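This document starts with one chain, in the form predicted on its own, laid out as structure tokens.
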């Protein structure tokens, strides 16, 4: 790994007597999925460019337990959550940023009942804050003439009421932001939520991700913007189903990294 992408762990920072400004919660997808790791790297490049002092848990991190709870295994959820809370509280973590709305929702809304109280931000919220503070500057990028449509992740939008942060970031680009008919509070799930990502589809007339990708493609976009690694996977597969692979599916962090003055 190049120095530009060098990331310290909480353990390394603690050993140096330091404390980060924010903990970057990478999540399972961002750590292990090849496609999602590109999102992680893009976000890390932005953090370095904005001179944010951050750290990750590294091998000390476990899954938040979100898929286990959604699938009905409350015991496993609490095991994973309590392990993570013990680690986070041991380091005195106060602020967390994550590029996964599932992690965001669980850390923000479900960990407090188990003793984990943190200020949790989705990466689009955090990037917006960096722009407002002048720590991050976006030139606009090479998106002129491209139509960009944003798909609202369920746990970011309907789950936590955040619709503006991702759109405000996309409006910084040179492209044209367009909307699907079903967007914001009326948005359609990509098909991965509620642990559906990890099970076979139930009998029906079609795949949810195929329908959602079709709605996105109906706006004639050059880019489908996502704010969730699961949405990214589902929409990418949906675009392939419709034989429209010339349309790119990218996370907002990747688009901002391309346009930012880093």
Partner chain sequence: MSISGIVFALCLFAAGGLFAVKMRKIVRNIRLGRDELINDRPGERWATMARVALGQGKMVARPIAGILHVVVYAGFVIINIELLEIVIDGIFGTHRVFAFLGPLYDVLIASFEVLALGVFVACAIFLVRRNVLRLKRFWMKEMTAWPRSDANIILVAEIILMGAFLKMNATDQVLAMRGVDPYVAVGSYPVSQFLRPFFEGYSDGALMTFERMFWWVHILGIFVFLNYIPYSKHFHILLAFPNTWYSKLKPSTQVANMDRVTQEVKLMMDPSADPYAAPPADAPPPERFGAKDVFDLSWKSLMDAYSCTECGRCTSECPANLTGKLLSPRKVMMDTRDRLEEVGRNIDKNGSFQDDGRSLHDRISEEELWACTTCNACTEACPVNIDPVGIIMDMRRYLVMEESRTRPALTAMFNNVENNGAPWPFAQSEQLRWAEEEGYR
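Positions refer to the first chain, counted from 1. Because the structure is a prediction, the values reported are computed rather than measured.
Keep in mind that the form predicted in complex with its partner chain is not shown, yet the notes after this line are about it.
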For a quick test of understanding: in the model of the complex, does each of 90, 98 and 120 have a heavy atom within 4.5 Å of its partner chain? no
Check whether residue 237 has any heavy atom within 4.5 Å of a heavy atom of its partner chain in the model of the complex, and answer yes or no. no
In the model of the complex, does residue 218 have a heavy atom within 4.5 Å of its partner chain? no
Evaluate residue 185 for contact with its partner chain in the model of the complex, applying a 4.5 angstroms cut-off between non-hydrogen atoms, and reply yes or no. yes
Can you tell me whether residue 195 touches its partner chain? I mean in the model of the complex, with a 4.5 angstroms heavy atom cut-off. yes
In the model of the complex, segment of 164-172, 149-157, 125-133, 90-98 with a heavy atom within 4.5 Å of its partner chain: 149-157
Residues of 204-224 having any heavy atom within 4.5 Å of its partner chain in the model of the complex, listed in sequence order: 204, 205, 206, 207, 208, 211
